[in-house]
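Shown below, as structure tokens, is a lone chain in the form predicted alone; questions about how it binds or moves come after it.
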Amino acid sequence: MRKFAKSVAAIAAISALALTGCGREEAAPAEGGDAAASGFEAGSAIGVALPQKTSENWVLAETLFNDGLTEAGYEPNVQFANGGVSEQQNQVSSMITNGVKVLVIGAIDSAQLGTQLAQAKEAGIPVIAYDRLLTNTENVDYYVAYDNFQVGELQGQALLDGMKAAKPEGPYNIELFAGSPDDANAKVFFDGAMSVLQPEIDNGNLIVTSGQETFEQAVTQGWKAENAQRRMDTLLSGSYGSTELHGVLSPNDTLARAILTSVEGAGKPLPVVTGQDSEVESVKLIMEGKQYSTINKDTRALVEHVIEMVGNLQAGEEPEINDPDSYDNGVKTVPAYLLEPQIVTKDNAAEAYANDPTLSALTK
């Protein structure tokens, strides 16, 4: 089951800053991205195509790529596609035409860049899928991300733990939210969470009061807060007149805050709500006891490894990967480097963010 879930989107494990002592095998050299590791000159342009600015981590990635690539001696070309898929397609085509030597792509829609990736292949440009697996194409060479199935597992377990802490005995009334259906990661987050929650639904310990239990019913188009808040408003008015809501599975912090806003607006007690991304406002809410959990996925470590891979490619070497077999994108198995996510609650926030100057200040 886990293997299948990995195939359809993104998965990951182990931070470059914490490879030792985490119970994983030592990372192995890549056994072959399709792009030839022929090397290129110092000072070359590197293209980084990012999606819309839907979370703090994407905004941070822009700064980290600009600063990190410049410091490493490259010319960064980092662009957001806030106008949507067609804008990202045009940006990637322009990067290729302008002679970038490596393409790093965080896709808006993981299946909508086939023409541009074929163009990159023709030009001999290696392609690194960043955070989101590029699907239905043979023209992607590497994938770098956090373990997104594990993210879901951690969220599902946190939901159970938080509800049990608030109310020792079930059954518990819950609702399920998922991310945007055009993001290849969204289904994997959901599947990871449901691997934990479904047995509890089946045995009657969890009750999805609205009956909306499938990914298709739970999706939030565009990862937009207003869409999550609108759906939560509808769920509350339709299913929770006199029924208490104990927990909500939220796939990220932006949606978690929208869900909490809806519940507060309805004048109901706050349920246990999960999240992801360690956004500043959500960490504040966790410390205030309003949001139960988030996931720490250090963007610095993710960007750092991508820049290391660029350096390998420049030197004509195969980049380091640690999962060569798990990521079938529908056409090929993409060699992956995987970082490990961390669950964060009020209890471990100070420890989790000890090395983050912004977030550590919020935990004191």
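Predicted model, so just to flag it, every value in this text is computed and none were measured. Residues carry their position along the shown sequence, with the first being 1.
Although not depicted, the form predicted in complex with a small molecule is the subject of the following passage.
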Heavy atom within 4.5 Å of the small molecule in the predicted complex, from candidates N329, N312, N322, T54, belongs to T54
None of D191, E175, D131, D147 but one has a heavy atom within 4.5 Å of the small molecule in the predicted complex; the exception is D131
TL;DR on 213-221, 274-282, 88-96, 261-269: the one with heavy atoms within 4.5 Å of the small molecule in the predicted complex is 274-282
Exercise. N252: heavy atom within 4.5 Å of the small molecule in the predicted complex?
Worked result: yes
Even though the partner isn't displayed, in the predicted complex is H305 close enough to the small molecule, meaning a heavy atom within 4.5 Å? no
Contact test in the predicted complex: N185 vs the small molecule, heavy atoms, 4.5 Å: yes
